[in-house]
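Shown below, as structure tokens, is a lone chain in the form predicted on its own; questions about how it binds or moves come after it.
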Amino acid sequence: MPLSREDLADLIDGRLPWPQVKAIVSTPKDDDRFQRLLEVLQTRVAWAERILMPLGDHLYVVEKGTERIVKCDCGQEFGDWRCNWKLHSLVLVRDGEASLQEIWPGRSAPDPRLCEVREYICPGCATLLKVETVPFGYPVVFDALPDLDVFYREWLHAPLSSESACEDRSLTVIGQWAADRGAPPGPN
């Protein structure tokens, strides 16, 4: 039996009891569940761009005109979906004992001699979008670069109106930062 719209919304919000969640995840998915999920998510945002895929809580790949961009619930745009959205967010780095103790008091804190905790925050609404713990100097993690065209064409059998190459374009942004500072551009 397909999930009702209300049950789907409760599943997204974590309001269903565990036995019901277990039953949902243990049974085959409805053929149209992804489309219905997008419908629920679309009703929750104030902007009109079509949501193509959720990237996580509060973040979506959307269709804006002929472009595909990453957008937050609040409407903040993070640019091309093929570029790591984190490069356009605010970042709070917790790399000392005092800042880590604000979140993890006592002995539960990560060792500041071994790693840093990066908190990625939306510049539009100050929502915490992602947290990652990495060794010092580790590059910004690109969590997901979904091949939207393959997903829509081969899995949903609903091809998008135009195709875009699924390639990481994060270095383009970093290269532009270097060029804006007068530094020679790095490798492509």
Partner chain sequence: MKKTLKEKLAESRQAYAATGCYAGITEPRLLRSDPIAAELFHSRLLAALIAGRETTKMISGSPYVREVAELAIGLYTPEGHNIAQSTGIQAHSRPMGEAIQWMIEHDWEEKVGIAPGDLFWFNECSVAGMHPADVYDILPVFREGELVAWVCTVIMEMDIGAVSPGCMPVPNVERATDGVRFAGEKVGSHDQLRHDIVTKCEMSFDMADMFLLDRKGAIAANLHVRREVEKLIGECGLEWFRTATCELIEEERRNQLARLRQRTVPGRYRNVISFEYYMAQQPTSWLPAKRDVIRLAPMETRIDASGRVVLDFEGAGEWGWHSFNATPSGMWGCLAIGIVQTLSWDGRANLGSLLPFELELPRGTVFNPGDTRPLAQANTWATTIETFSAWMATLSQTYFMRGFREEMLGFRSAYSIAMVGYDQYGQRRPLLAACTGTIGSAASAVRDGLDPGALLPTPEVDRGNAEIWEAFVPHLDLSHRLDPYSAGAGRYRSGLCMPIMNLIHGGREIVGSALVSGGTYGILPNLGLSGGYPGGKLIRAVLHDTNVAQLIAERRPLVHELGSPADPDYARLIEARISHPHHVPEPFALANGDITIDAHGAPGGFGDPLERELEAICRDLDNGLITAEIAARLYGAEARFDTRMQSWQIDEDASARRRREKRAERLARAVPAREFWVGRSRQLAAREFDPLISEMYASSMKLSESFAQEFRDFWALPASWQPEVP
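None of the values given here were measured: they were computed from a predicted structure. Whichever C-alpha set is largest while still superposing within 1.5 Å between the two forms counts as the rigid core. Positions refer to the first chain, counted from 1.
Below: the form predicted in complex with its partner chain, not depicted.
(request) Although its partner chain is absent from this view, report whether Q42 comes within 4.5 Å of it in the predicted complex, heavy atoms only. (result) Q42: no contact with its partner chain in the predicted complex.
(message) Since only the chain is shown here, I'm wondering whether P159 would be in contact with its partner chain in the predicted complex (any heavy atom pair within 4.5 Å).
(response) Heavy-atom contact with its partner chain at 4.5 Å: absent for P159.
(message) Would you classify F34 as touching its partner chain in the predicted complex, given a 4.5 Å non-hydrogen atom cut-off?
(response) Looking in the predicted complex, residue contacts with its partner chain include F34, since a heavy atom lies within 4.5 Å.
(request) Give a yes or no for F151: in the predicted complex, does one of its heavy atoms lie within 4.5 Å of a heavy atom belonging to its partner chain? (result) Result yes; F151 sits at the interface with its partner chain in the predicted complex.
(message) If you apply a 4.5 angstroms heavy atom cut-off, which residues in 125 to 151 are near its partner chain in the predicted complex?
(response) Contacts from 125 to 151: C125, A126, T127, L128, L129, K130, V131, E132, T133, V134, P135, F136, G137, Y138, P139, V140, V141, F142, D143, A144, L145, P146, D147, V150, F151.
(message) After core superposition, I'd like to know whether L16 moves between this form and the one not shown (criterion: C-alpha shift of 2 angstroms or more).
(response) Where the cores coincide, L16 still shows a C-alpha shift between this form and the one not shown that is 2 Å or more.
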